[in-house]
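Below sits a lone chain in structure tokens, taken as the form predicted on its own.
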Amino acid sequence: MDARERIETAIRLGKPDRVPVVPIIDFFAGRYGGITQHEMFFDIEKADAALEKTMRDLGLIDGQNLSYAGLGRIMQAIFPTPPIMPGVRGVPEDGQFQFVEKTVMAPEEYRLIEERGPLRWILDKMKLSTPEMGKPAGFLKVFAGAGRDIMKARRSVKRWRSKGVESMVAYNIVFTPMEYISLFMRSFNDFILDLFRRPEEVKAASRALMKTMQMQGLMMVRSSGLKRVFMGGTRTSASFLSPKQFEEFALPEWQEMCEFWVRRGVTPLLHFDSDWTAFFPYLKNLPRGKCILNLDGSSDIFKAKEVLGDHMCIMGDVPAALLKLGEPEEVEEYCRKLIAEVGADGGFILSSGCTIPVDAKPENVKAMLASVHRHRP
């Protein structure tokens, strides 16, 4: 099997010739490959060269999970509250990328999403954080730069595929409306209060945003040529919501969004940060054999295998702390356990628990990459 076949077999709950390894590796590879984090985000050719060196020294990967390489301008353009980017606005060139959470909408504005129209409303919010977008020339400049980088990223996807490395999602990043509003519009504390004080308004706003979220993702899928989407989930996890709240607010959105993609032959990669363990049974409502459950180390991945092993591909979950602070023998033993237990009858992709830390020990990363060749389910 080649890498693409190996990954697709696991997604469909089959058992490939070996477990594929597909980490989030860009932060680490940039540092290891001798470039700054700014260069990793804004110069995809340098980022790709850094990853080539990393694989040459530490071992091959079957694919990249979410790849940040070259996405700096794209991420500045698509989020209403632009993230902190290394080398931008006073941040050191080798500083760390970080989402910015702040309240940019008043609670009374929920009704405006539908009245004004979701896309126009989002653009209004983006102008607040990026004033130059309020002028036609500034708007065109921001999106023209992002558009050029999208084309570079698409060419990078093709280059990596020709080298036997599958890009899972590239820049195909999608959120459910609740995750989007919480992360980029209201902030966590305000949003949780809204669930109690304005539940029907939250639901109405989410319904109004759903199609816009889907269309944004569909444009990315068509542009990238990759029929997978990265769906980040954290604010609707068991770390933040009660089961009753999840059933009422979040589960219908996750079902609708996943079914939208599956009907179009697109695989949702559910990148679930925080603890989702208590909500695993709900995920049986999602299409069987059509989704990837990508865990970050906070959830119990072995419980996920017990509950969902016959329902969806499980991906994860070598913890960031282990890769940074552990020893190679500990990393290999954890990987061996994942391969033996979670990968026992297929449907498993080995990955880092979220991203490999920028300062992980190279010998630990090497142990993780080598484990899929040393151990079999």
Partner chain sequence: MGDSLAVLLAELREDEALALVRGSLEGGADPLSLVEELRQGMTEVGRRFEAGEYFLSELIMSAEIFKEAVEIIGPHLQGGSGADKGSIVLGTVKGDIHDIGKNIVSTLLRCEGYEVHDLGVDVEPAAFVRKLEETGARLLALSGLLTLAFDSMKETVAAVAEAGLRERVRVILGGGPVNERVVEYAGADAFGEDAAQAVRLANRYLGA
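Numbering follows the first chain given and starts at 1. Keep in mind that this is a model prediction, so the values were computed, not measured.
Below, we turn to the form predicted together with its partner chain, even though it does not appear here.
Engineer: Which residue, Met215, Leu128, Ile84, Met151, has a heavy atom that falls within 4.5 Å of its partner chain in the model of the complex?
Structural biologist: Contact check passes for Ile84.
Engineer: Among Glu201, Glu101, Asp300, Glu109, which has at least one heavy atom within 4.5 Å of its partner chain in the model of the complex?
Structural biologist: Checking each option against its partner chain in the model of the complex, the one that comes within 4.5 Å is Glu101.
Engineer: Quick one: does Arg197 come within 4.5 Å of its partner chain in the model of the complex, counting heavy atoms only?
Structural biologist: Yes, Arg197 is a contact residue.
Engineer: Is there a heavy atom of Arg235 lying 4.5 Å or less from a heavy atom of its partner chain in the model of the complex?
Structural biologist: Contact check for Arg235: yes, within 4.5 Å of its partner chain in the model of the complex.
Engineer: Please determine whether Asn285 contacts its partner chain in the model of the complex, using a 4.5 Å cut-off between heavy atoms.
Structural biologist: Asn285: no contact with its partner chain in the model of the complex.
Engineer: Hey, in the model of the complex, is Ile181 touching its partner chain, heavy atoms inside 4.5 Å?
Structural biologist: Ile181: no, not in contact with its partner chain in the model of the complex.
Engineer: In terms of non-hydrogen atoms within 4.5 angstroms, which of the given stretches 158-166, 216-224, 251-259, 238-246 touches its partner chain in the model of the complex?
Structural biologist: Contact criterion met by 238-246 only.
Engineer: Can you confirm whether Ala208, Met210 and Phe280, the three residues that make up this candidate site, all sit within 4.5 Å of its partner chain in the model of the complex, judged by heavy atoms?
Structural biologist: Per the other structure, none of Ala208, Met210 and Phe280 touch its partner chain.
Engineer: In sequence order, which positions of 160-192 have a non-hydrogen atom within 4.5 Å of its partner chain in the model of the complex?
Structural biologist: In sequence order, Phe188, Asn189, Ile192 come within 4.5 Å of the partner.
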